[in-house]
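There is one chain below, alone, in structure tokens, taken in the form predicted on its own.
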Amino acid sequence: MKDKIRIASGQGFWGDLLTAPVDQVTKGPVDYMMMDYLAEVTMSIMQKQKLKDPKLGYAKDLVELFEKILPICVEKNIKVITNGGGVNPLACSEAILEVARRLGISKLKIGIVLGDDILDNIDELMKQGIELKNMESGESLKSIRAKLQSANVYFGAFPVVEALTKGAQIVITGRTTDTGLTLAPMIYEFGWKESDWDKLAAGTVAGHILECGGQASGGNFSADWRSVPDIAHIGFPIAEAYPDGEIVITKHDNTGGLVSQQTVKEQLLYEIGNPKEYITPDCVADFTTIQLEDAGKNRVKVFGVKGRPATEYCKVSMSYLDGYTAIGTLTYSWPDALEKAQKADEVLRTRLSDLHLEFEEVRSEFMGYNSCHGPLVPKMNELNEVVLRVGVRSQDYKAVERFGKELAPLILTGPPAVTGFAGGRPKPSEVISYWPALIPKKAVKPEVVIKEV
């Protein structure tokens, strides 16, 4: 058993800083790198890509990234774990194996975690009495069954552990929990059992801290953000993990950013409901037991975490087609910029009403004035410019399309001093809505496949 391991965060979402994974494997010692690519909406985007091309459906950024980091990871024996396989982990693994072949790398094992995609099994599951009701509304899945675009079960850390046990240096998964990507190496290296609830909870907390990349090391920092040094070259966080469940959050010395109790606390509060019950497939972590302590420059010790047994359910992330939307903007300049923009909005809404178009929602924002805080903003006297941003949503494609044709006429038939209309009319795009549900763990089974070059 190792006395400690260092797990680096390489990506916090699909589209994150492309240099971060390279920095993590080149600027200091790490044993593992986790890369989180998935959000709820990401799965539906990937599913649509796969429907168009069966070779797609994963984070294509991974292919270019592995061209750069694979030789380094092989040389330094750094293992990489990512859920960037999306809805097509097999195709993702094949693309990375092809990179290895081009680079002349052999004896590389990739572990692929399958089984989370249950879209094709929905009807059979419902026949078995598994209702997959909406967790928030209690609504029956039958109401949107025909519109389903994706359905993926959140697996935890243990399928990844199985892949590591089988010798995988790279593990590609589908909808594995963000926290499981970090927890898995600790279970594997330290021999933690499925009943070691406190240790599993500690690893889960570490995973929560790493999952958003640079957000735990000074990015998006709400406190003294001006104090973050060299944020242009921000170093992503690293979890230094110990067999007893103690964690130290740090970063490479020669990078920018900041790891402090405050940056860690802000990330700990991210997307938290009941802090006593942070529920994952692996355990239930009690965030009220977390203790933090300074352990040196850019080093914060995380300890004292308590956990409880996991539930008998997994969460299912589903998405469905829920109508259409279009968004357009116009810019109004001084003098009376806000008043002009408000009048333009009034005129646009009147014309849409005159056309008897039906929308579920028409939302107007006056950017530079209230787009962030809405009705909470204080009254302001004179603004240099205001961007009117209007969006509509409807089940009727034609209504959304007609909205796009009503925006441009405001340029010559509305208030004066308008600019900023470019790129053509706003076009309708599909609205993808989220459907969270629960499924008994016994109804789904992960499968681990090993491929080797």
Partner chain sequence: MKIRLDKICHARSGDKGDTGNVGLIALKKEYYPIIEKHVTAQRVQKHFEGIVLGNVERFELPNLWALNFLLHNALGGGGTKSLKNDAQGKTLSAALLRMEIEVEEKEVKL
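Residue numbers count along the first chain shown, from 1. Remember, it's a predicted structure, so these values are computed and weren't measured experimentally.
Only in words, not in the display: the form predicted together with the partner chain, which the text now covers.
- Among Ile72, Leu119, Leu269, Ile231, the residue placing a heavy atom within 4.5 Å of the partner chain in the predicted bound form is Leu269.
- Note on the partner interface in the predicted bound form: the residue among Leu355, Met135, Leu103, Met367 having a heavy atom within 4.5 angstroms of the partner chain is Met367.
- Checking 338-346, 188-196, 233-241, 270-278 against the partner chain in the predicted bound form, the stretch whose residues place heavy atoms within 4.5 Å of it is 270-278.
- Three-residue candidate spot Gly219, Gln291 and Gly391; every residue lies within 4.5 angstroms of the partner chain in the predicted bound form by at least one non-hydrogen atom.
- Contact between Glu40 and the partner chain in the predicted bound form is found at the 4.5 Å heavy atom cutoff.
- The partner chain is not drawn, but in the predicted bound form it has no heavy atom within 4.5 Å of Ala437.
- The closest heavy atom approach of Asp123 to the partner chain in the predicted bound form falls outside 4.5 Å.
- Using a 4.5 angstroms limit between non-hydrogen atoms, Asn88 is distant from the partner chain in the predicted bound form.
- Although the partner chain is not shown here, in the predicted bound form the stretch 292-325 places heavy atoms of Leu292, Asp322, Thr325 within 4.5 Å of it, in sequence order.
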